[in-house]
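The chain that follows stands alone, in the form predicted on its own, written as structure tokens.
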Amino acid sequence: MQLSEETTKSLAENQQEHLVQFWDELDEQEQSRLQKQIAEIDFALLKKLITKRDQAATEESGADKAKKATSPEQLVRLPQDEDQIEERKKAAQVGNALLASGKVGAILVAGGQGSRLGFDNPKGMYPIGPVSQRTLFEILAEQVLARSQRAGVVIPYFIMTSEATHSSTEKFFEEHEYFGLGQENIFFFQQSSLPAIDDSSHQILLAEKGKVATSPDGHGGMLNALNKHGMLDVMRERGIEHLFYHQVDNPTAIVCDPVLLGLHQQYGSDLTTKVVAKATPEEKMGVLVSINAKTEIIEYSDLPGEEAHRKDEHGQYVFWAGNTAIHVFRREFMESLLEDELSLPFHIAHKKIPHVDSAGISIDPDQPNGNKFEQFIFDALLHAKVALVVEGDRQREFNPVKNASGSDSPETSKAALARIAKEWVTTAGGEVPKNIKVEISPLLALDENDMKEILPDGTVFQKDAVLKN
């Protein structure tokens, strides 16, 4: 197979000819894959990102930003009295009406692998049900289906995958008959990847002799991916005006939460974010803050220890509002961010990147040797006229699966699902003895009030059980 003139010209113009230095050693399939990878590289964007990298020293540091930060200003805290409880009930009514109008869709970010969990598949396929071993995908998809049934309209599900998870995720949903949502209501779209760059030059790294070293462009790449794959057109055609955004690793997220949607609507918010109180000042969570009257997120890695402990004039921690990665977007606001390809800045990560050197020898570096570029969706906050922050109940809503063991692990997430189910049963007048686990399908009950209507008073569970319709 001959290298195309277009590829040869493109590489020469961008001083990246080394990408094909092993061309004659590749078989035809490897040559085809490499040429396709090169054709997909946005060299103009890459040039801008390399320039940004080289100028990064002039940018304001996260530590400097933290010094100017205060607690979020556009904020709704957890209710503390009857009036505030009533306000949330009214917000739920508004949110349910919004759902019933057919103007709400859901976006699931599912590009990650389960490698940190010792799991060689997309993370969404991880079995997390404490009794049933149902997967993350199933638990979350059942919530969307239950909300659709409750609202009396279809809530389309837009699922962002990555190069590593796309085909496996599509196949998994097909094998499980789309968890009852209907193939026509699930839209898979793949986020883009960007080449990794050598940290001491402008050269793109090769992962193998016939493969460019790439990495996903971050959850902020969702905006361009939605546009590239025609998802925004689908949303407009279906009359979707608001998008509930969540990530695949949190099975206790209240998907399409009527309260969050209602507050978002009531406040006329462009981008609404759910937060929870950090467990400790040192906890590794990004935090929502206000800087110069704008809502922003400061990553935990950019928050100096002394700042993490800073308190305001009321004796409250300034950096308390931990980001749950649960948002509601106004669709028109999302579209406005696409008017400038760099409206969401690219962040530069200095990483250890395995690669082959100029002699074709595989190198597994023990020190960071290259740069990866990614966008963060929360950078959209800076562009929002109204960026509402809403506090959620951490014990109920934020129990992610991030680590193989310890905090935020499968063990703690499964325990949370079992605990929540026990609380609902107890509130409904039932009993779950110690050492017995109960699991509740969203298709049976979405909250404790549903459980009160379903469970016979005095029910006692004698063995582990999965409650489903």
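A residue's number is simply how far along the shown sequence it sits, counting from 1. Because the structure is predicted, anything quoted here is derived from the model rather than measured.
Heads up, the form predicted in complex with uridine 5'-triphosphate (UTP) isn't pictured, but that's what we're talking about next.
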*Would S269 count as a contact of uridine 5'-triphosphate (UTP) in the model of the complex, using a 4.5 angstroms cut-off between non-hydrogen atoms?*
no
*Is there a heavy atom of D249 lying 4.5 Å or less from a heavy atom of uridine 5'-triphosphate (UTP) in the model of the complex?*
yes
*Should Q191 be counted as a contact of uridine 5'-triphosphate (UTP) in the model of the complex, where contact means heavy atoms within 4.5 Å?*
yes
*Evaluate L303 for contact with uridine 5'-triphosphate (UTP) in the model of the complex, applying a 4.5 angstroms cut-off between non-hydrogen atoms, and reply yes or no.*
no
*Contact stretch among 258-266, 210-218, 382-390, 143-151 - heavy atom within 4.5 Å of uridine 5'-triphosphate (UTP) in the model of the complex*: 210-218
*Would you mind picking the one in I155, L344, L205, M160 that has a heavy atom within 4.5 Å of uridine 5'-triphosphate (UTP) in the model of the complex?*
M160
*Report the residue, out of Q93, S168, S115, Q84, that has at least one non-hydrogen atom within 4.5 angstroms of uridine 5'-triphosphate (UTP) in the model of the complex.*
S115
*in the model of the complex: members of 80-113 within 4.5 Å of uridine 5'-triphosphate (UTP), any heavy atom*: V109, A110, G111, G112, Q113
*Note whether the distance between the C-alpha atoms of Q133 and Q113 decreases (closer) or increases (farther) in the model of the complex, against the displayed form; the change is 3 Å or more.*
farther
